[in-house]
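Single chain ahead, by itself, as structure tokens, in the form predicted on its own.
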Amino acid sequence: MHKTLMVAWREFTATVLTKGFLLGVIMTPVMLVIVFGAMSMMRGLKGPQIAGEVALIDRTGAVAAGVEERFTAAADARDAEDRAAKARAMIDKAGPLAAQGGGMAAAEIERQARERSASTHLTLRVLPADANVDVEREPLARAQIKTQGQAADAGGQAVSRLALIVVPEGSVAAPAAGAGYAPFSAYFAEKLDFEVQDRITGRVREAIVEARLAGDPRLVGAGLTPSDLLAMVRQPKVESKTIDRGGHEKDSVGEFRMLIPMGFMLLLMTAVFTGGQGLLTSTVEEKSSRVMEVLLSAVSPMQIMVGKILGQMGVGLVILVIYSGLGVTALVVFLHRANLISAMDLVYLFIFFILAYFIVASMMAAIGSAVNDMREAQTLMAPVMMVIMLPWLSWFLIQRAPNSTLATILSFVPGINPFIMVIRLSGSEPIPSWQIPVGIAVGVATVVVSAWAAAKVFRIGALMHGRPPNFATLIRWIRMA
């Protein structure tokens, strides 16, 4: 046992204390900090600061007044407040994640929304109802997108025409039975920002709807104003709450819940395959450089294999502890979503990490001892790739329906069941309690069989050189040993 632990400690230190490992582990959180920092630095950007003219041809005679009201300074201020309110509602729904990882407060998000709304200054020009559309479109071809500081050129000429809106008569008048209202036309200057286009068309839509309601005799007869009717049909807001098993009320996390299974699976895969890949690489290197022969003169093949597996498991545990700790800290401190993860979720994560690691490490040790270089190892990686790809391809379906027939069956498939169980346990609904110990039992049985087969291959392959074996040869080694 002492020799096995010595091999494990050597394997652990040879990996963890290298500059490459330290940089690889540290760079991921550093990159996240850089990304969030860059997003925070961009918070001062106000978007396009455009000034220009919007021309309106109102064939109905009932829309122009409403459009004019929406292109005043007071309307711009109301628009800015509306956009800030929408941003605030999105923050309330999505949580602090919408505030760029907690680096920006909700007030800052609202301020940005107001600034983006106020950064564009549009003036409205109402043209005669019989104006020629082809003639009035010509200025759009010569338009120059200018900022507010360039509102007038050196010659004192007016700002460019950026848009032309044409509202036909059928847009307001009640349509015939079975027919619909006529659409209005919007012409824009080339390369005009899409947010500005949406703002212009949105204001015209609101004015057309008001004109339809104001001219409807049924509304007038009921003593209602267009504002009354619009307020009645506006969708109500909802405050979602979740009641836990203890009967306590918590804020509903909504769609944010689906990110947790993906995060758990990524943590598990990163930790498992970092340790497994290190085990494969070190085994192949020691065998090709004949270091393995020197080690076998002092320790048995079983002690080497177990020691190497335990050492690289320590590497995987270091990664799992660091990244899971950072993730939980981010949820609690920055995102204020401590209720997304329970203590048992983390316990099951570590349990199934142990099972998944021993399964993958056994295959890696067997492959590494059977080949002479990494190129040969790639031809025997098909079983390992299946373990990697199947949970990754099916995680979304499983986390959406953790108790479906597919998820239940995959939970008991040897080799992949630790990954599937982690996804199900952190999914959108609880799973039957009896399936957890059964899943663990299946994982333990898979570990025993995998370790038994890997030990037989390792015992023969550690000293074998020459042509690499195929799967049939590996099976023959297992039977022979």
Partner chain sequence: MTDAIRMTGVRKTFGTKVAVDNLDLALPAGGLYGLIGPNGAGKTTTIRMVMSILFADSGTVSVLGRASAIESKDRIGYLPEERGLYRKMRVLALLTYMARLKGVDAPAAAKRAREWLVRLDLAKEARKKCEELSKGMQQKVQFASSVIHQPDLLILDEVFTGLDPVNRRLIRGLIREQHQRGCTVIFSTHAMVEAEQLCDRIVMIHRGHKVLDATMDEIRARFDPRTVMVEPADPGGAAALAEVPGIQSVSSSDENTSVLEARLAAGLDPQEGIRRIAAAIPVRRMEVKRVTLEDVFIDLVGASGGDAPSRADIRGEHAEAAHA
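Positions refer to the first chain, counted from 1. Values in this document were obtained by computation on a predicted structure and should not be read as measured data.
Form predicted in complex with the partner chain: not shown, discussed below.
- Note on the partner interface in the model of the complex: the residue among Leu229, Leu406, Ala298, Leu266 having a heavy atom within 4.5 angstroms of the partner chain is Ala298.
- Listed residues Ala186, Val347, Leu219, Val291 were compared with the partner chain in the model of the complex; Val291 is the one with a heavy atom within 4.5 Å.
- Only one segment in the set 193 to 201, 207 to 215, 72 to 80, 283 to 291 has any non-hydrogen atom within 4.5 angstroms of the partner chain in the model of the complex, and it is 283 to 291.
- For Met6, a non-hydrogen atom is located within 4.5 Å of the partner chain in the model of the complex, even though that partner is not displayed.
- Contact annotation for Leu22: none of its heavy atoms lies within 4.5 Å of the partner chain in the model of the complex.
- The partner chain is not shown here, but in the model of the complex it comes within 4.5 Å of a heavy atom of His2.
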